[in-house]
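To begin, one chain is listed below as structure tokens, in the form predicted on its own.
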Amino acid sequence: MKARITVTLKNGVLDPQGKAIEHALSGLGFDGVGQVRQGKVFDIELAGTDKAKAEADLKAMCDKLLANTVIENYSVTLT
């Protein structure tokens, strides 16, 4: 079973890396780019076929390691 976890900063949390990317894109001539927010994507392969167990395990992985839940949100998609 495969999963994709997307981690993004919560609304209201400053994103200096996103701001730097926004300015760099403008400097490269890409006009019309609004706000840029950066994040992380994890593609994970899991053994087994139990969807409920996989979702619980992935949520635990995010809560314990992959996301800082104080300042980040995450979403899990099983594929």
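Because the structure is predicted, anything quoted here is derived from the model rather than measured. For every residue, the number given is its place in the sequence shown, counted from 1.
Quick note: we don't show the form predicted together with a further copy of the same chain, though the next part is all about it.
For the chain shown alone, D50 is not a contact residue for a further copy of the same chain in the predicted complex, no non-hydrogen atom being within 4.5 angstroms.
Taking the partner from elsewhere, A24 is found to have a heavy atom lying within 4.5 Å of a further copy of the same chain in the predicted complex. Within 4.5 Å of any heavy atom of a further copy of the same chain in the predicted complex lies no heavy atom of V13. Looking at A60, you'd find a heavy atom of it within 4.5 angstroms of a further copy of the same chain in the predicted complex.
Contacts of stretch 29 to 44 with a further copy of the same chain in the predicted complex, defined by any heavy atom lying within 4.5 Å, are made by F30, G32, V33, G34, Q35, V36, R37, Q38, G39, K40, V41, F42, D43, I44, listed in sequence order.
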